[in-house]
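The chain below stands alone, shown as structure tokens; this is the form predicted on its own.
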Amino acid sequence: MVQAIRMALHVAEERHGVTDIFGEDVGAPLGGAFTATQGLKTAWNSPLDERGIVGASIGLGLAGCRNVAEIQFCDYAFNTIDLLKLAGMMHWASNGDWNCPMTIMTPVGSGIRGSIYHSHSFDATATHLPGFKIMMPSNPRDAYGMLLSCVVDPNPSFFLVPKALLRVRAQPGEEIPGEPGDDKALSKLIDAPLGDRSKWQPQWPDTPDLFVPFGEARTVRQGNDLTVVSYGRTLPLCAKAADELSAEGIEAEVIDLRSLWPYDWERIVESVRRTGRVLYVNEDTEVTNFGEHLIRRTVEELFYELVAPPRLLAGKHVPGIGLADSLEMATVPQLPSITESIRALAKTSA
């Protein structure tokens, strides 16, 4: 996925008018904490100041400069909420006169043993900021297409990157457009070497345009017994759990929401009307979770078509995630808890 992001940013600066890609350690020599910005011509290093990063992004956007601003970890975006609120309302407050083409890219969630300062989720917070479009990928191909959709949009967008998936290899059908066969061959072309990089230049493969539309979910697995809606890190776990439960005669339909705003309500409705059951899964804390909004809408609009109460499986409502492996595993949904939640819902009736 990190290679997909780098290639999409290359396409963005070469063909789609991105003038600045910036943030802490985003430029040379590091190219980002996760190497997502290595070799990019417009990448530069900002001070260690998230408010300054967001403020600069807004200013560039208002000046007509498409830009991608990285918050190195989403945990440090919370002190920029007032500025993000301002960016989100710009087009609305100006009665459509002012556009602000900016993309806030930030790694989110658990999975790297980041403890209390590098494991937070940001999806619920992002959906509380009207005016932003929001994408979160679960595979490399979607990451490529989602990021390009964000950068060409004339107004603010969030590109939320599940850090636990950054080094996960693509499954069949999820490959990066234009990659030369596999990630190792691609690595020789675009991954910076260790040591001295002063003379290194990436050799970009042919990189076609691919745009994953806002508001378009993807059905990952067909099923008729219940619907599972997820995104980001937990989506592959939901798909794996559903595959395993097929041996027990439980056929779960798995939907990758992909776009959190706008979101593909029509796809959810069509699936839930067939299955009568729905489980929403993500790893943000369970109180005022985005999944709770989806449950509220499910109950209001589909109440008489449900055969069981809709459910949410989310992160525990605790201040942070502990460093110990056992604490992290117990705090956010994992394969066993997802499997058991699907199994329990499949056996529940109203």
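Just count from 1 along the sequence shown to find any residue number. Since this is a predicted model, take the numbers as computed values, not measurements.
Same protein, other form: the form predicted in complex with another copy of the chain, not shown, and the subject of what follows.
**Message:** Based on heavy atom distances of 4.5 Å or less, which listed stretch (79 to 87, 219 to 227, 142 to 150, 184 to 192) is in contact with another copy of the chain in the model of the complex?
**Reply:** Flagged stretch: 79 to 87.
**Item:** residue 200, heavy atom within 4.5 angstroms of another copy of the chain in the model of the complex
**Value:** So residue 200 does not count as contacting another copy of the chain.
**Asked** Can you check whether residue 289 is within 4.5 Å of another copy of the chain in the model of the complex, heavy atom basis?
**Response** Yes - in the model of the complex, heavy atoms of residue 289 and another copy of the chain come within 4.5 Å of each other.
**Message:** Would you classify residue 35 as touching another copy of the chain in the model of the complex, given a 4.5 Å non-hydrogen atom cut-off?
**Reply:** No.
**Message:** Can you tell me if residue 321 lies within 4.5 angstroms of another copy of the chain in the model of the complex, counting non-hydrogen atoms only?
**Reply:** Although another copy of the chain is absent here, residue 321 would touch it in the model of the complex, with heavy atoms inside 4.5 Å.
**Message:** Contact check in the model of the complex: 172, 211 and 270 versus another copy of the chain, with a cutoff of 4.5 Å between any heavy atoms. Do all three pass?
**Reply:** No, because 172, 211 and 270 lack any heavy atom that approaches another copy of the chain to within 4.5 Å in the model of the complex.
**Item:** Contacts with another copy of the chain in the model of the complex, stretch 273 to 312 (heavy atom within 4.5 Å)
**Value:** The stretch touches the partner through 284, 285, 286, 287, 288, 289, 290, 292, 293, 295, 296, 299, 300, 303, 304, 306, 307, 308, 309, 310, 311, 312.
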